[in-house]
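Just the one chain here, the form predicted alone, laid out as C-alpha cells.
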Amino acid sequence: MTKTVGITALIPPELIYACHWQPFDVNNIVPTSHTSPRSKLCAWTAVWRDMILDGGMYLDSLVVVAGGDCHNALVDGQKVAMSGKPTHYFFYPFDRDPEYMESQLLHLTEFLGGIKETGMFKQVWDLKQKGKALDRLRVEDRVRASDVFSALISFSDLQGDPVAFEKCLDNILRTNVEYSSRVALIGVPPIYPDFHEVAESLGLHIVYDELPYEFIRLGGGDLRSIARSYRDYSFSGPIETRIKVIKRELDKRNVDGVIHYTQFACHHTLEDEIFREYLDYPILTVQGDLPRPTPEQIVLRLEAFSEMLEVST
C-alpha cells in the first residue's frame, strides 16, 4: 500500500512519486476546511497543523518546507513533529546554489526510502506540458480562469493520482470567455475557495496566477536537472528575481491590472509596497484571514476595481 507524505509547500512531486510515495499538499484542503485554529499567526499553516494533530488529516509522514516561501510552517511543522509524526525539513537555497539544492533533494529521497521508478520524471513532465497548454488557452480566452486555477494549484501533488489527474485536465471545458478586463493574481493564493468565481462574475478574467504557474514551469528528467530547475522557484528566493518573472508574464499576458492577495500574519504581506514601486499597473491589494466564502467587503472592492479598469481601458 502506497504511503502518503504531506507537503507544506512546493517540493518536486515527481521525486515523491519516483520514491513510490503519494504526495498530499496540506494547503489544498485549507480553503474548504471548517477548522477553527486554537492558536495562529497565519490560518494556512494553523489549519493544517490542527487537522493533523486532531486526526482530521491522516498522513504517514510530513515534509516541512522550512526554508522557502513560508516562514510560519517551521514552528507549526515542529509541533506536528513533536506529536510523533515522522517529519523531514526541506530548505530551498536563497542564493540559488545548485549543489545545495541537489543535496536537499538527495536528503529528501533518503527520507522517502530512495528512488525506485525514474519513469515518473517523464510522466510528470508530460503532465506539466498539458498544464502549460491549459494556461495558454486561458490567455487566449478559451477556458475559464477558475477552472485553470483549480487545475494548476493541484500540480503540487497531482491530486495523489497522476492518471486520474490527467483525465481531469482533459475534461476541462473549452469555451469562449467574456470579460471586461484582464488581470493577474500575484501573492499567495486566496484562502477564499470562491475567489476566482467571484472575480469572473464581476468581469475580471484572471489570466495569471503567480504561484500555481510556478508549479508547472519547473521540472526535469533526472535528479540533477530537477535540482537546477527547482532552485529557480521564485517564491523561495530573492524578490528581485520574482519581480522579473512577474513582469515578463504580465507583459506576455497583456493584463490591465494586478490583484495582490496577502494573507494576514504572512511575511509576504510586507512585499506589497515593493510591488507597488516596481510594477507599473493599477494594483488592488486584498487581505484574507480565515477560510470562508469571499467576504462582501472584498467583493465590493473587486467590483470597484473592475469598474475602474473598465473606464481606464
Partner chain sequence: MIGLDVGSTTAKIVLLHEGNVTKSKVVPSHRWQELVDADIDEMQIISTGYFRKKVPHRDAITEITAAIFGVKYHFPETQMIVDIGGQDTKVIDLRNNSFLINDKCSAGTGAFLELAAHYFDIPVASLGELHNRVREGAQINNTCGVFAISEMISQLVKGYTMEEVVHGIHQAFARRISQMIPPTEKVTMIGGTVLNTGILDAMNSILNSKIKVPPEPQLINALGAALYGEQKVLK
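Every value quoted in this text rests on a predicted model; they were computed, and no experiment measured them. Residue numbers count along the first chain shown, from 1.
Not on display, but discussed next: the form predicted in complex with the partner chain.
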Legend entry - Stretch in contact, per heavy atom within 4.5 angstroms of the partner chain in the model of the complex, of 241-249, 32-40, 55-63, 284-292: 284-292
Inset, instruction - State yes only if every one of Met82, Tyr89 and His107 has a non-hydrogen atom within 4.5 Å of the partner chain in the model of the complex; otherwise state no. - result: no
Legend entry - Touches the partner chain in the model of the complex: Ser312 (any heavy atom, 4.5 Å): yes
Legend entry - Contact flag, Arg276 vs the partner chain in the model of the complex, heavy atom cut 4.5 Å: yes
Legend entry - is_contact(His20, the partner chain) in the model of the complex, heavy atom dist at most 4.5 Å: no
Inset, instruction - Look up in the model of the complex whether Phe305 has a non-hydrogen atom within 4.5 angstroms of the partner chain, and give yes or no. - result: yes
Inset, instruction - Check each residue of 50-66 against the partner chain in the model of the complex and list those with a heavy atom within 4.5 Å, in sequence order. - result: none
